[in-house]
Every structure is written in structure tokens, then in C-alpha cells.
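Starting off, we have a lone chain in the form predicted on its own, written out as C-alpha cells.
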Amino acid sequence: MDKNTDNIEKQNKEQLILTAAEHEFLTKGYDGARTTSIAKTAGVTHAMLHYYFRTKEQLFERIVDSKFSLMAQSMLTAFGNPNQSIVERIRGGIGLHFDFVAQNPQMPLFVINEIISRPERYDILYNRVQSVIDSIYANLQRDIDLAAERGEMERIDARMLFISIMSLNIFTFVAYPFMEPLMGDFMANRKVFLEARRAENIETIMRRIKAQQ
């Protein structure tokens, strides 16, 4: 086996482990997750899993890093686009954040449960979220202030904007399993409901920042 083939096989096995670990952690939490189960799902031996990721903690942090890096990349792409007005960037950022949560619907409850059940994990999760917010906040606040001075939008604290976006988008997915049985046909078609909810969340925040005449 040549070196390139060996590297590809190693990357493939690592990805299989990460995919299995993501499902295990998000569905069972850190305490409930078992490396033996991850190895079995990934189709590797338990010893091989520990060869690639020495500890359960290391594997957990790799999953968390991957998810928050993906979220950061999508939001930075929207909020930092110099070819769009700040109002359109905010609109795009709301939508992209919603899409990220839609693609990772177990993530919000996972984060909440980890903080409640293992408070010591708060620092790990906080540092990931804080790095995302810090990388966006300063320039976004500057552009919001300039747009407000030009009368293009209402002045708003960017931190409050983030809270509004996360609250509306995340609650949709946290509440869905509990609300769906109560709402009957209104939420029966998940795809249709989420498309409508995405549009509603965007419109709600856009009305908040719309310049008053």
C-alpha cells in the first residue's frame, strides 16, 4: 500500500469515527455516549478508535469544534459580505443560522443538557460560542451604527440582535417535538412548517430594525 492510499484510508476511518461519534454524543449526551458503541457504528475496533482519538474527551471536543466552526463560517460569510448592505447581511445571517440549526436540530438541546448536567463543560462550550460572536460583533456594530446614521435602519445593539436571532431560530427546533402534537395539521408537514417559520423569523427581526418613517 503506497503512502497516498494509506493516508486516504486513514482519513476515511477517521471520518467514519467522527460521524458515528457525532450521532452518539448528540443523541445520548457526553455521559451516555460509549466509545464501544461509536467504534461498532464506525466499523472499527475499539483499539483503533483510541488510536485516532486517545480519549472520549478528545473526541467530544473535536465534534464540538467542528460544529461551532461550521456555524461560524456560515454566519461570517453572511454578516461579513462587503457586497451587500448591512440590512441584507442581517437578513442573510438570520437565514443561514436557521439553516445551520435545521441541519443540526439535535445541537441546541445537546448544548443545554450538557450545561445543566455537567456545569464544568460550560467553559468548553462558552469558548466556542464566544469566539464566533467576537469575530462578528465589532465590525457588525460599526456598520449598524453607520447605517442608522444614514437612516437605513434603526440603531440596535449587535449583541441584542444575536440574542434575538438565536432565540427565534433555536426555539423553533427545541420546541418542535413538544408543540407538533398540539398543533395538529399546522406542523404536520415538517418541511413546509420550517420554511414558513424561517421566513417568519426573518421578517420578525427585519421589522424590528426597519427604519421608522
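Residue numbers here begin at 1 and follow the sequence given. Each form is matched to the other, and the largest set of C-alpha atoms that superpose within 1.5 Å is called the rigid core. All figures in this text were calculated on a predicted structure; none of them were measured in a lab.
Beyond the structure shown, there is the form predicted in complex with a further copy of the same chain, which is absent from this document and is the topic of what follows.
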Revision key, fill the gap. Note: a further copy of the same chain not shown here; in the predicted bound form, the stretch from 43-51, 143-151, 58-66, 164-172 having heavy atoms within 4.5 Å of it is 164-172
Revision key, fill the gap. Heavy atom within 4.5 Å of a further copy of the same chain in the predicted bound form, from candidates Ala102, Leu96, Leu109, Ile136, belongs to Leu109
Check your understanding: Does Ala188 make contact with a further copy of the same chain in the predicted bound form, using a 4.5 Å heavy atom cut-off?
Key -> no
Review point. Even though a further copy of the same chain is not shown here, does Thr19 get within 4.5 Å of it in the predicted bound form, heavy atoms only?
Key: no
**Study point:** Interface membership of Leu70, a further copy of the same chain in the predicted bound form, 4.5 Å heavy atom rule
**Key:** no
Review point. Is Lys13 close enough to a further copy of the same chain in the predicted bound form to count, meaning some heavy atom within 4.5 Å?
Key: no
**Study point:** Partner contacts for 21-52, taking a further copy of the same chain in the predicted bound form and a 4.5 Å heavy atom cut-off
**Key:** Lys28, Asp31, Gly32
Check your understanding: Aligning on the rigid core, do we see the C-alpha of Val101 shift 2 angstroms or more between the shown form and the other one?
Key -> no
Check your understanding: On a core-based superposition, does Met75 travel 2 Å or more at its Cα between the shown form and the other one?
Key -> yes
Check your understanding: Once you compare with this form, do the C-alpha atoms of Met71 and Gly93 lie closer or farther in the predicted bound form, given a change of 3 Å or more?
Key -> farther
Practice item. Tell me whether Lys67 and Arg89 end up closer or farther apart in the predicted bound form, going by their C-alpha atoms; the shift is 3 Å or more. Key: farther
